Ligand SMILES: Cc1ncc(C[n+]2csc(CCOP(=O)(O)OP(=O)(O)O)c2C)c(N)n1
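Before any questions on binding or motion, here is one chain by itself as structure tokens, the form predicted on its own.
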């Protein structure tokens, strides 16, 4: 039997854990849901794993007891924080990472390397690793206590926790917005067999592009979350006309890509579309908690030419996108959209065939 999630979170609270600093992972979605539901622990969603680690360091040095929860690919993002902050300053707190697996022939190629090399990566940071018990509550709570006292990272296996649904007050209602598929279908019609290159960010955006944009030239980026714009900038600097399809969680992960892109605004033909569904859909559908973020203002301040209002209408979207692509330069469009049913991943041969 998996660990009873509510009891585990209560056990953390009983140990004095005050905050969960999280970048969502589907392996930990029920743990995350319970942390969101439980008013006695602070859930801190973070834009990247390095940010989660740095916030946790600040919390620990200020006398709190944080726990960091990430997925295995995010351990790479934490490397600098671990080796240049935690290690030299002797700051210790529990870090829990999933261990994503990979089967040969799968299109989730972003997990292939760390599916075998995660232990070596952790060791290279000066840490040991320990597989967390996914059957005995007392054992896993004891392991978390030990992670707070030594240089060791806890590794979470799939299906470790019992199911927890978000309470109604924490669930998103996107029913008033047009599903993203409608916007993708419209782009497929408007740019069928054109020279435009579409770069899709990792997760459901790329999956939905595969299902709804069969007639365009698409690059489905598996992994490298937060890097879609920068990949697009590189292709645009090489002479391509590029349309980047990003998301709200992806937008904030590596925002230096925006300021870097802005340097080359006059040299490239690139449109960056933010499909904003307010959620981490592929890791459990939790709220990104980014209602405070003015994406248009940030993009404009970074040097992008922005459509001045958030788009919710498909025809307006197509009209604005066509104008943006006819003009040279660097453009930004913020689209508010709803959700579609889970779409299949592009198969491996499709993912690998086009590296433009």
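The structure displayed is predicted, hence computed values, not measured ones. Residue numbers count along the first chain shown, from 1.
The same protein also has a form predicted in complex with the named molecule, omitted here; what follows describes it.
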Original post:
Exactly one stretch in 151-159, 198-206, 131-139, 228-236 has heavy atoms within 4.5 Å of the named molecule in the predicted bound form; which is it?
Top reply: 198-206
Original post:
Which listed residue (107, 71, 218, 181) meets the criterion of a heavy atom within 4.5 Å of the named molecule in the predicted bound form?
Top reply: 71
Subject >> Partner-contacting position among 114, 82, 253, 147 - heavy atom within 4.5 Å of the named molecule in the predicted bound form >> reply: 253
Original post:
Does the 4.5 Å heavy atom contact test between residue 24 and the named molecule in the predicted bound form come out positive?
Top reply: yes
**OP:** Answer with yes or no whether residue 97 is in contact with the named molecule in the predicted bound form, where contact means some heavy atom within 4.5 Å.
**Re:** no
Original post:
So in the predicted bound form, does residue 271 come within 4.5 Å of the named molecule, heavy atom to heavy atom?
Top reply: no
Subject >> in the predicted bound form, residue 281 touching the named molecule (heavy atom, 4.5 Å) >> reply: yes
Original post:
Heavy atom within 4.5 Å of the named molecule in the predicted bound form: which residues of 243-265 qualify?
Top reply: 247, 248, 249, 250, 253
